Structure formats: C-alpha cells, structure tokens
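The structure tokens that follow cover one protein chain in two forms, given apart as structure 1 and structure 2.
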Structure 1
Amino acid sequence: MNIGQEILLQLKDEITEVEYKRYIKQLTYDEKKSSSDLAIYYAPNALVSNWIKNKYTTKIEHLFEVKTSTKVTVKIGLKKSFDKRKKSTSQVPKVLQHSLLNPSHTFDNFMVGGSNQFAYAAVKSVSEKAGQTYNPLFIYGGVGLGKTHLMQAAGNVLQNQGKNVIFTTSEQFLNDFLRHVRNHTMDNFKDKYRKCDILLIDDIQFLSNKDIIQEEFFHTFEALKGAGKQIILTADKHPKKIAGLEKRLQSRFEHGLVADIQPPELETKIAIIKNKCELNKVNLTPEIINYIATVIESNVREIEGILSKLHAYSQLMHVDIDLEFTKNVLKDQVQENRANLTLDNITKFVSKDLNIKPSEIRSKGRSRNLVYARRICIYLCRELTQNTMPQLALYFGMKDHTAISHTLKKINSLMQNDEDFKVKIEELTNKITANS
C-alpha cells in the first residue's frame, strides 16, 4: 500500500462510515506525480472532489505532516482535467504557507443555542484576549458537538492576527513526542511547543494512563502558562472525570475555565442544518430540515453525513430532494438509532412528560387528558418503532387495528391544523430519540 492510501485509511477512523465510502474511498493517489511535499489525488467527479476539498484536505495534509514530518500540500483533481493541467502542478511553490486549522471552522459558521452558548462565549472571549482571561480554557462534551470547531475558530482568529498557533490532537502530540525521542531531537520538540503563542490540543483524554507524555505535557503547559501564552484544551469529559490523568494536570486544567457543550436542542439543530446547507449549496425545504433535525439525535457530525448523503444521492440519481426521498435515504440511519426504542420506553417517556401514569395511558379511560396522552403515545410508537397496527392495538388495549388507524388519522389532522400541537409532537420525538 502506498503512503497516500495509508493516510486515507487513517482518516477512516475520524469520519463516518458513510462519508468514508462515499467520498474518501473514491480517491486514487498518484504515486508518480506526488512528491515529498505534494500529494496528488484524483476524484471520479466534481461532486466528490468538491466535498473533499471543502472538508478533508486540511485533515489529509495534517495526517501527512504527522506521518512524514514534512508539510505536504494536497491537491484533489479530476481524473481527466488534472492530466491536462500538468504544468500547473509543478508551479506549486515548494514551501507553502498553510495552516492545519480548517478555515471553515469559524465563529460565524458556528450556530449558537442554549446547549453551547457558554462554551461559545468562553472561546470567543479567549480569542479576543488570548492569555489574559481564562487560561487554560477547557472545553468538554460528547462526540460531534462542536468542540474542535470552536477551538479552531479561536485558532483561526488568532492566527489571522499573526500569532503562532499550534493545533494538534493529543494523539498527534504523543506521536510527535515519540518521534523526537527516537531521533534524539527533543530540543526541537521543546522549542516548537514552548515557543508558540497559542497551543490548542484536541481530545486530551487520549493522554490518560500515558505517564511519560503527561509528564512532558505538564512541563510544556507550565512553560506556556508561565509566559502568558494561551492554552485551549478539549476532552470528552470534565477533567475530574478523566481517569488516569495526573492530579496535577487535572487541577491545572480546572484552574482556568471549564466549559461544557451539551447536545443541541431542536432549534439549534435546525440552525445548524440551514447553515450547512448554505455552505454546501444544498437546497432543502423547511419541512425536510425539520424532519432531519427531529430524527437525528444530537451528533452534528451525523447531520453533516446525512446532508452529504442526500446531496450525493440526488445528484447521482437526478432527483429532487423531497420529504419522501429524505425519509427513504434516512431509513437505515433512523432504524439504527432507534433500535433500542420500545413501546415501553416511549410510553414511559410520554408518561413522564405529560405527568400521566403509563398504566393510565394504556387503560381504557376516556378523560380528555388521558385520550390526549394516549393519542400522542400511539402516534410516537408508530413513528418510532417497527410495530404493526395490530401489535399497537394489543399494547394499548384497543379493539383492533382500525382503532389505531383512526387515532393516527386524528393525530395527522391535528398536526396539520394546530401548529402548537405539531411542535409538541416534534419536541417529544426529538427528546425521545435524543435519549435512546
């Protein structure tokens, strides 16, 4: 396997299966034309090539740099047109000034809502007064919630001001360290990390139980902090909860500001989807946007995967993206997310939300509240599980499937005529799927 392919395989770990198959796997590496500082890949069509240019080039370049210790420029061409432009590739300057930060990770492109406004405000403030307010700034939260994006947004702002910004994952930091140890060039390593103005280290939890690198990082940290240089760290957990992290590091991390990011609520998800559609020139109706926001749990990366999937399908199959099409494309994804949703779970959830006992929801009681809760529950069970109407009738103690079908019709017409009701249903769907 050549190095170009090896790098793509590494990328596989960092992105979704769908993205990998649809885009990255389509690339072929041109071993002949590539050199030690230029990597040339070909994409089969403009769609794939554009997505890769927008989203992955910086990552691929970063992986190359970590692997080869040389700054490598990545070019994505179309198989045919690239051959014609042979000359232009040789005109690429030997040493290209480029950053490892993804330039599209900006504050403007980051949608703010209740779930992430604290982290956003903290990072923004640090980007305005680096080294002077919260140092270190520690951002933590689940996968795909925007930690890396935010951290890089600050990095982009500061880099544009001419600051020497280093962005690296803790894994890459470790690899870099090991390489310098091997090559007996630790002085260079120290120089590099201690002389920067801003150090951004992503996913610091990776250092847990790795004592030697924790030791090294501690000294780097102290040196930078002492010199008033800003440090931003991210992790999947609060410093206190990272097992295998030295006490002294833990306390240093808590010393600045610790800010969390929570899964986005419905409105934020909608804003994010709209933003991604704009960035990637995908046209979706509000109805479809709402649908995606409702069925997809919280992981924003998953949302991106879905948009690219929709876009690719519609282009390749020459169809417009409408709701039916969207539902079809998302079918596997939705079922996977919902594999653990059961009638009991949903009923319990609705029961808690509406403050009515599950046994009452499943009873034959006819009071207004009960009927309301039961209808909602039946609707959600039908939408979110694979149960058939007779199965639902049995579960809810109804005569037969026609009673269920009648309830579903009723709910559908309510949703069409009553905006508040529709919002309520969407909210519940959203909460249930986020918790599944």
Structure 2
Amino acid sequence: MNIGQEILLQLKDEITEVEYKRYIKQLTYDEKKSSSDLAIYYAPNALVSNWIKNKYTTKIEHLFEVKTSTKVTVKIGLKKSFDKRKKSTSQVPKVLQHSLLNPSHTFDNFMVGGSNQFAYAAVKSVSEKAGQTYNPLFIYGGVGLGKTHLMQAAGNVLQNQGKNVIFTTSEQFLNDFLRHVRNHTMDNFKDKYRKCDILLIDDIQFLSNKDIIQEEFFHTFEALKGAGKQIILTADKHPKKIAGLEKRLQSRFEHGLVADIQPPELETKIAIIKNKCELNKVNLTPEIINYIATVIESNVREIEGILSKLHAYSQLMHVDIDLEFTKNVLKDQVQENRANLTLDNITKFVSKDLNIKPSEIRSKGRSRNLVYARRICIYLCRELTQNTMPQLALYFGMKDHTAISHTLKKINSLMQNDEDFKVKIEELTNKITANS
C-alpha cells in the first residue's frame, strides 16, 4: 500500500462512512507523478473533484504533514486533465488556500434595504480596495440577516482576482489551532493564516473567554494588518458587548469600521421573499407574500425554509398555494414565533412607536391620539397573542368582551377603507414579531 492510500485510510477514521464511500474512496493516488512535497490524486469526475477540493484538501495535506514531517501540496484533478499536461510535477503551480466560499453568495443577489445599506456599501468598498480602507471591517447583527452572505460576496470577488482568500468560522480556526499545537506544527499554522491576502472569520464572538486562542489571533491580526492584508469579521453583537473579549482585540476591531445589520423592514422583507420565489420557482400572490412578510421573523433563512415548506406541501397534497393554505401550513410556526409575546410587550412597543405612555393607552382617555393608539394595541394583542376577548377587556380596563368585539370590528373596517391605517398595522406587526 502506498502512502497516498494510507493517508485516505487515516481520513476514513475522521469522517462519516457515507462521505468516505461516496467521495474519498473514489480517489486514485498517482505514486509516479507525486513527490516529497506534492501529492497527486485523480477523481472520476468534476463533482467528486470539486467536493474534495473544497472540503478535504487541507485535511489531507495536514495528514501528509503529520506522516512525513514535510509540508505537502495536494492536487485533486481528473485523469484526462493530468494526462494532457506536458509540464513536469515540479512545475505544477501551488494552489491557493481553499476557502470554502459559497459561489452563490454574491453582491448581485443580496437584497439591499435601509436595514443593511451601510454594511453593504462598506463590504462592497472593501471588495474594491482590499487592505486600503476599512481594515478591519467588523459586521454585526442577529442570526440570518446576511452577515455571512456579505462577507463571502467580498471573498468571491477577491478570490476571482487571484487573491489568496481564507474563509473560516472562529470554531474552525480554534480547531485548526489545537490540531497544530498537538502535532507541534505551529509554524505551518502561522504560515497559513498570516500569509494569506484576505482573512474572513465568521462568528468571532465564539473566541470569548478562550485566552490562548485570543493570544494567537491577536498576533495573526497584527501580522496581517501590518502587511496591509484585509480582515473582515462578523459577530452577533458590537465588539464592546462581546463578553470575555480581550480589550486589545476589542480596540483593534473598533479601529477599523464597525457596521451593523438590522432586521429588515417590511419593504425589504417583501423584496427578499419575491427574490427567493424567483430563485426557487415558487409562485405566490402579492397577498400571500405580504402575509408571510408580516407574520414571520426577520430571518432570511427562515424565509427560505417557509418557501420550501409551502412548495413541498403544495406538491405533495396537489393543491394550489392560496392565502388560506399558507395560513394553515404556517400556523404552528407563527404560534411558535409569537409564544413569547405578552400584552405588556405589545403595549410598550406601540407606546414607544406612537410616543404615548403605556399607562395612557390603558386609561379611559378619549382624545383622538389615545383612541387611535388603543385601537391599534387591542388589535395587535388579539392577533399576536392567545388572550381571549374577556382577558383583553380586563387588561385594557374596558367593560366586557363586547367592548373589545366592537373595537375589533371598527379596526377591521378601518383596515378595509384606510390604506394608511392598514400599512401602519402591518408595519407595527412586522416590528413586534421581529423583536419578539
């Protein structure tokens, strides 16, 4: 058995049996053309070749390094491609670090709105002038708002320019560090991360309270910054609010540009849903799109999941997607999203938005502004919680459930005849559910 096969058998112990049989087992090692610092494998087709390149080349190189104590470059290609080459193995160009970038993450398919416009402009600028402006660039925001998409969009642009781009998560960075420490190959770890052109690290907050890896990352950061290399980081919160983050790292993160991404406003969510419908070939009416945008949270991944769910239900049950069908399919999901909403939460949110005190909304005041705010609050409490009309009457200090019923009828009438009022209700619903 040659060394190339031995390495693949070692890899077998570290991955699933399905992945080994489907991909790794199909590789053929070229012992003749390989050398002490170059390992050449052939894959049966481009699919297998690209999958292994993107996911396991670095790992295979590491196993070679542990086995031979020599840094080895691994090439994965098709048999025909290598047979056609006339160059000697010593002339095979060194490949760039595989960055696991998703090619579908581009600037063109990122939906820009008021909630993310600043972050988008900053990342776009960095992709055009890497290392020259906004370095580091720190993007923060909640889950599923597009931080990774933006970061990888820049990475794809720069990689297409021939830059050596490394994209990794903080967890992968940590695991890579620990593996090299165990194998006494830290020089190789430093070469990998400190000599790239672009370093993209996702979810940097997970380095919190890990002193040793923060120390290593600090020196990596300093080396790249000093060499004019671009650094882009993402996190779920502002550097100042990441507990357990060293002050010197916090200071350096803030020294560049810090840009946040907020939950998308209603218009942007509608645009996102329309875009996803086109990509996934799902036909929805404007009424259904508006409903989905209003009732779901502001997570783009959740939007994709909902569209897949609707499409699957429609196909399996052989029915068209209409509003009633959509409400029924999303019933459990909507209830789960709103489970944490309380009457107090909604009242406080409405009071803040309309600049009226919560106590005034629940009072018996009859001024025009108070009646307007109270009606909105009652409607939203009825729609967004499981409270009964008698419970609402008690909360708002009204006589009984008939008073609530009368108010709801009035609101429904206003929504049918007053477009501005309807838009206001939809806007508030969107904001409340996005922050629940």
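Bear in mind the structure is a predicted one, so any value in this text is a computation, not a measurement. Sequence positions of structure 1, starting at 1, serve as the residue numbers. In this text, the rigid core denotes the largest set of C-alpha atoms whose superposition between the two forms falls within 1.5 Å.
Structure 2, not structure 1, is the form predicted alone.
In the core-superposed comparison between the two structures, the C-alpha atom of N175 has shifted by less than 2 angstroms.
If you fit the rigid core between the two structures, you'll see the Cα of G144 move by less than 2 angstroms. S351 shows a C-alpha shift of 2 Å or greater between the two structures [criterion: core-superposed Cα displacement of 2 Å]. Here the rigid core is superposed, and D420 then shows its C-alpha moved by 3.3 angstrom between the two structures.
On a core-based overlay, Y395 has a Cα shift of 6.8 Å between the two structures.
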